[in-house]
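Only one chain is shown below, in structure tokens, and it's the form predicted alone.
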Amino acid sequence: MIPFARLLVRRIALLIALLATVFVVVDLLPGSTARAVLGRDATPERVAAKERELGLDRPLPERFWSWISGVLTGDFGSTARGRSINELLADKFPPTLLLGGLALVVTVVVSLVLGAWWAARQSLAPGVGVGPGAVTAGVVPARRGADTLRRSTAVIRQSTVRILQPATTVAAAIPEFVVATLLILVFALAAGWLPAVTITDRSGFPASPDMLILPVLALAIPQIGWNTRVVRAALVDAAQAPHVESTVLDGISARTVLVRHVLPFALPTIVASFATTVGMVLGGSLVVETIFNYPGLGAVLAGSVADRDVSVVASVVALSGAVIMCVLAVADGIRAWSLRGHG
């Protein structure tokens, strides 16, 4: 419990340091918050009066302390244009959470399926993999291979494994905004199957489910590429354990070996990878939302940076950081549970 509390304190201290950095960086941006609110034609007197009204004439450390003190009481303050930041986050964060949550679910499911299948073909499939037990067992489906269908299936599986290697590398290397642009070109402009922009209903959410497909895919595809490789590598490493070889020699099916004897040992690595993916998905969603005109925090963040509204930028970072810390705490709990008795 004490190590967990220390870890939580370190993460909170890191988040506060990050928020202080955000204040400094936004303050260094060229331009004036007051002039952005009043417009280019505002006189210097009006700009100076607006800066005093917003408290921008105070030293930066004092402004940061005032803001962080309010956050600790649940008050994020007001935007430079006078709107409550609490209301703004309550209005825009749920759609972002929906988009990021769907992308994370798709990433976890597809990565687990592809990574497990890939690892099984390499380490647990008889005669195909690198596992010493599999080779020793020598139950190669194709070697009895008189059956043309089985040989064809084996060839397809081998070809799929060869495709996964470069495909996951390319997917992990492509940024979300490039994936989003390609998806729009193919599925919206060329095929006309899915909408390229998001239209909201009265609740502020997308008017139809198909408007979520392309943004979710744009966020999920790069993360699927990365996490599939992590899942596969973790399972292959865990499959080298001596007890796994024994279970293979006993003739237990590859699926049972994978689920009961390999996955529990690979789970800490896999969970840690998925937990870090949450931050990548939330960060990527701010860009993807702008491309698809999605009604989330992306447009809010872009507008606040243009206005140099440091309170809004820091509030978005604080809220995203809090969500990421919660997910990391859950991942730590799962990791501790999976390692129980193995210390």
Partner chain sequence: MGLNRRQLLQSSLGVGAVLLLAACSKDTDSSGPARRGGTLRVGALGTAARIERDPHANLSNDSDFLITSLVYDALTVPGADPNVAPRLATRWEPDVERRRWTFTLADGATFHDGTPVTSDDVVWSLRRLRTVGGASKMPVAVEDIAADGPNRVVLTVPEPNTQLPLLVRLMTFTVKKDTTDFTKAVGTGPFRLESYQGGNARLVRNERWHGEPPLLDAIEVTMFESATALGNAVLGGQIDLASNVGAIAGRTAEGRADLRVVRRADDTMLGVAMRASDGPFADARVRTAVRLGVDRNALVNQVHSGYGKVANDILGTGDPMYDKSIAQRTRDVDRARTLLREASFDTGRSYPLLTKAEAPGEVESAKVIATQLADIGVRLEVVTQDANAFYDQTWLKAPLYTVSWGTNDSTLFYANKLMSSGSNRNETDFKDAAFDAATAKALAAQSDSEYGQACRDVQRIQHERGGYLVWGMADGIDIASARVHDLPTLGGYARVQLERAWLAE
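Numbering follows the first chain given and starts at 1. What you are looking at is a predicted structure, and each value in this text was computed from that prediction instead of being measured.
The form predicted in complex with the partner chain exists for this protein as well; it is not shown, and the discussion that follows is about that form.
Partner proximity in the model of the complex, defined as non-hydrogen atoms within 4.5 angstroms of the partner chain, places exactly one of 29-37, 60-68, 314-322, 270-278 at the interface: 29-37. Screening Leu97, Ala172, Val106, Ala196 for any heavy atom within 4.5 Å of the partner chain in the model of the complex leaves a single hit, Ala196. Checked against the partner chain in the model of the complex, the residues Ala234, Met211, Ile221, Ala116 give one hit for a heavy atom within 4.5 Å, which is Met211. Candidate site formed by Asp91, Ile291 and Ala306: every one of these residues places a non-hydrogen atom within 4.5 angstroms of the partner chain in the model of the complex.
A residue is said to contact a partner when one of its heavy atoms sits within 4.5 Å of a partner heavy atom; Gly204 meets this definition for the partner chain in the model of the complex. The partner chain is not shown here, and in the model of the complex it never comes within 4.5 Å of any heavy atom of Arg52.
Looking at Arg81, you'd find a heavy atom of it within 4.5 angstroms of the partner chain in the model of the complex. Taking the partner from elsewhere, Thr200 is found to have a heavy atom lying within 4.5 Å of the partner chain in the model of the complex.
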